[in-house]
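Just one chain is shown here, as structure tokens, and it is the form predicted on its own.
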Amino acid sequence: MNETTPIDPEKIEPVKSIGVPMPLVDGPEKVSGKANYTADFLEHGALVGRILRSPVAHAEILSIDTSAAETLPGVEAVATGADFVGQFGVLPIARTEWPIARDRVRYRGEPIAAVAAIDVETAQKALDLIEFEYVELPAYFTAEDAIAEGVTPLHEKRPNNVERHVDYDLGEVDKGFEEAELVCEGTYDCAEVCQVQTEPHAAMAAYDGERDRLTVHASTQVPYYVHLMLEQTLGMPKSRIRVIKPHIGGGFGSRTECLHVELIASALARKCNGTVRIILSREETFVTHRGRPEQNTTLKMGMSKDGRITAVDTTTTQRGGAYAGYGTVTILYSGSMVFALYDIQNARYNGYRVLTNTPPCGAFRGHGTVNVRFAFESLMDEMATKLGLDPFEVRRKNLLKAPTFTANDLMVNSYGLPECLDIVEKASGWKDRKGKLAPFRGLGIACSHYVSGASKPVNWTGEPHATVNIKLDFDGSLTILTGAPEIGQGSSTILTQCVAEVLGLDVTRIRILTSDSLVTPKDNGAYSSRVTYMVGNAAIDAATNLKAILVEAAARKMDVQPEDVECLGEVYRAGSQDQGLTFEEVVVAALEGTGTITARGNFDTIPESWGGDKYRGAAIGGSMAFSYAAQVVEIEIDPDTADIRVEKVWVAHDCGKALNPLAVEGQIEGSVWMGMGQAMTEETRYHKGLGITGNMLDYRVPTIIESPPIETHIVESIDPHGPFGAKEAGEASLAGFLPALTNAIADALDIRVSELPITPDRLMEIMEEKKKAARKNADQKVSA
């Protein structure tokens, strides 16, 4: 506000920010090219780091001779597994991975040594000089092979190569099947997929030997985890480590755990007392992986005559790769999230996470839920058809009524799925068009959901789930300090809007600084859609606390009681006829005798949301809120080539409250688009453990050519615990696309697809098998 412009108290109102569509606050830097990503930092004298990777999938290491590389001119440091004092991993109970392999390699591409040199050529030459001697061991590239009789275990503590088995039996499952009108069973296969984020993995580490301090820039979603694992693997005190997350070119789960690139760069930097940059190639990023696992799911479902689900029995097996990673959580989510979408009282689950000699899998958008949801919605649709019921009505028959607790103690306080169904049914013209489209065209429906942050943190410390500080100084500007990583999902914008809304100020008065452990408070990271819900609540708490300080200062200045002060954003007054104080005047009054003010806000989940203890690991699926989505997909299939063209997608997403509708729409569209990639084209493949799709030609990500019109609808159920009623907006819409697509294929061709991705060659094979079966039946009728 211009200081020379007189303020008319009758016209002053607090500025509204929540519910207002606005561009992301970091948008100008990104679209102008001014944003600095990890690979953009070019410190003077920085060395080039390169990693030597195992040429075999499973072997005992006999020796690694680095002597020739160490004496090569221009080489400043060489690191091996001996340079680390501890292993790393997401969960304290599953830290089994060395940053550089020691004793044994377990997948092709696992780091076995690393160098830091003055340039790329010297670094590569040094890698070529390193001698690696080993004895090859039996390797297992499928889950089935890895758990066969007489296998060689990848890890001594997992003799049967099962990283984790999770099971539960809730309600009366067998009785539920007995009471069902129809019982069906199906087996569904989903290929392993990779996030293929725009920015390859990168890290820059600088070590100050005089002060024994390490500063690391990393392309990560979890700076706090990186900090912990640097301490764990290097043996350095946390207080001497600084972790900074610059701009990041996408994550989608691939960076929700510390990766070896950050740890290796740091070890090299400490060894040469300098700065080392490691920028992975696209192929190396594929090898580092941490994508969604290959998964086989067998699902049995019972259904009453009117479409009520009477029982569900799920058995699923994930090919997890060589190390635990997020595996324990992934297999838990696959089981716990069978619930909380529909009213299910009888359910049995057996989930197996299997270790194999392939790159480790991890978390991927819709973590743990997508592949099982594909199976569930596919079988549900098939059973509706067999019972002669409309798929929409079957889903309506199984809706929850909030607030409620599910059979596995998940807390559901807001539930917008009924409205989501109504919207996409009407928008797609389902009632008028279903079953009446031209040949080789079809419509499919599916629903999906996701958590708004896990109610128990992975690393329990007793600290709040989220902490936000707001700094107010003499210039009247506010700076939000948060460790929550902005990874392109718009979290910095949301936190800015939350603070602006509480204080009634325009967002332009507010700046935000994120993810620098030197100045920002610790945050657990960007995963499980926790930031908007948890950090948003903390930001509101911090802004509310700051507002109380400002109101108190205004009251002192105007000689009134704080409860008499009205905050109008840029003006604080005590009565409608009072000219009041400008925001700047209130700031001056608040700083008197104290100087710079820092207001802190916290957020913690409530115990009721922890998920109970009906089976071991149940609590990891707990959340204070679930988002919901429904979508209809329309397709056309070329009968000659089996090419599938998605004509249009209608999707409705219950996000509680759309804090920024523009950003919410973008998140929904991105989720649908990513689901389309997994459903139709994406698949990581290996030949004897060697990745053969480690590039963006062989790994087919959809382009704008394949991208259909996506009609988004926002449903606001207003969650009682969410920030201004908000829930997650970026994950729930992904899983629904997969079964909606295959249900549309069933509508178009009367063919049920159970293997993804459904590429034209796979669909053509199924179509040909159907034709052969039809001819065989016709011949048998003639002969009879």
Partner chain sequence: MKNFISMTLNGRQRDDAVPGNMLLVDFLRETVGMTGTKIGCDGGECGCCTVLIAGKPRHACLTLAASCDGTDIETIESLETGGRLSAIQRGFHEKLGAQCGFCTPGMVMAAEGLLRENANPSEDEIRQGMAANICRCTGYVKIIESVQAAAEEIASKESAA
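Positions refer to the first chain, counted from 1. Please read all numbers here as calculations on a predicted model, not as lab measurements.
Another form, the form predicted together with the partner chain, is not on view; read the next lines as being about it.
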query: Heavy atoms within 4.5 Å of the partner chain in the predicted complex: does residue 696 have any?
result: yes
message: residue 544 versus the partner chain, in the predicted complex: is there a non-hydrogen atom within 4.5 Å?
response: no
message: Is residue 277 part of the interface with the partner chain in the predicted complex - any heavy atom within 4.5 Å?
response: yes
query: So, in the predicted complex, is residue 37 in contact with the partner chain at a 4.5 angstroms heavy atom limit?
result: yes
- request: Have a look at 198, 594, 561, 477 for me and say which one sits with a heavy atom within 4.5 Å of the partner chain in the predicted complex.
  value: 198
query: Which one, 176, 488, 351, 307, lies within 4.5 Å of the partner chain in the predicted complex by heavy atoms?
result: 488
- prompt: Looking at the partner chain in the predicted complex, do all three of 500, 629 and 725 come within 4.5 Å of it through at least one heavy atom?
  reply: no
message: Using a 4.5 Å heavy atom cut-off, which of 89-97, 452-460, 279-287, 532-540 contacts the partner chain in the predicted complex?
response: 279-287
- line: Restricting to 661-681, the residues within 4.5 Å of the partner chain in the predicted complex through any heavy atom are 662, 663, 665, 666, 667, 669, 670, 673, 674
